[in-house]
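Here we start with a single chain on its own, the form predicted alone, put down as structure tokens.
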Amino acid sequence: MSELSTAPELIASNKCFGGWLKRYKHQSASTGTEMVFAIYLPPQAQSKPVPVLYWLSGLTCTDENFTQKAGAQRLAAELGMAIVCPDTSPRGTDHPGEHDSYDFGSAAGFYVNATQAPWAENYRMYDYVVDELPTLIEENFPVTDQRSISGHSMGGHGALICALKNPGRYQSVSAFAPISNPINCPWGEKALGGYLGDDRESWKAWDSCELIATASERLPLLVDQGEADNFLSEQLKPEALKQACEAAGHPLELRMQPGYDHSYFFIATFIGDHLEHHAKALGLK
């Protein structure tokens, strides 16, 4: 057992497509709070370790949105892929203003390491997702150290920056409707300003479009974006991601999906393509 976290304590368990969907809680060293995560273990995990896809959810979400709405377990069971879903922020800290808006504070950790008081004490979701949680998972569950990462909206932003900032750590990356250029959109400016302070130069370390320019690993990006997404033009800015990838020669498959919005109906429609994308990189296909 690592010194980073307390051992995970089971709080719920459901059999699903021959495997098990389980929820756990543990005390986190990164956030200084109790954290909850979900893990789907496919039937293959009963006889051998399996690789893991980490899924990062978006604003207002918990670990349960993906597990209950995406419909990913059937194909994950066929492929032999575990899926881990962390929460989107620390809970129970009750900092001033923490619960006042949906796009900052609780359920809106933005997958960064905060540097500003009072957020710096607990809002270290980047460290939690990249280091602490995988260590906990790999020490306590029948999984390998082969990892992939994906996410939606704020979580799509999280997946992209985690992969871009950590060459060699993930076998593959994908995103649904990611906040592609947070230093230049209202959601990102609010979150990065609040967690990191007024120095906009420091924000660039958490922006996919900025990171792509100097990335030392050219991991192909698979991105799905609904054309009927209400947040498309103001918040998500896939055109900025496309431009950054073209300028740097970074491989990007950006699929603009006519008629689809920002919801889990959109995610459920295309999640199979993303699982197949990760399965190939993880050696499952």
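The structure presented is a predicted model; accordingly, all values stated were derived computationally and were not measured. Position 1 is the first residue in the sequence shown; the rest follow in order.
Another form exists, predicted in complex with a further copy of the same chain; not displayed. Remarks below refer to it.
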Among 27, 68, 243, 230, which has any heavy atom within 4.5 Å of a further copy of the same chain in the predicted bound form?
68
If we test each of 200, 74, 91, 99 for a heavy atom within 4.5 Å of a further copy of the same chain in the predicted bound form, the one that passes is 74
Within 4.5 Å of a further copy of the same chain in the predicted bound form by heavy atoms, the stretch out of 253-261, 49-57, 29-37, 234-242 is 253-261
Is any part of 6-21 within 4.5 angstroms of a further copy of the same chain in the predicted bound form by a non-hydrogen atom, and which residues would that be?
13, 14, 15, 16, 17, 18, 20, 21
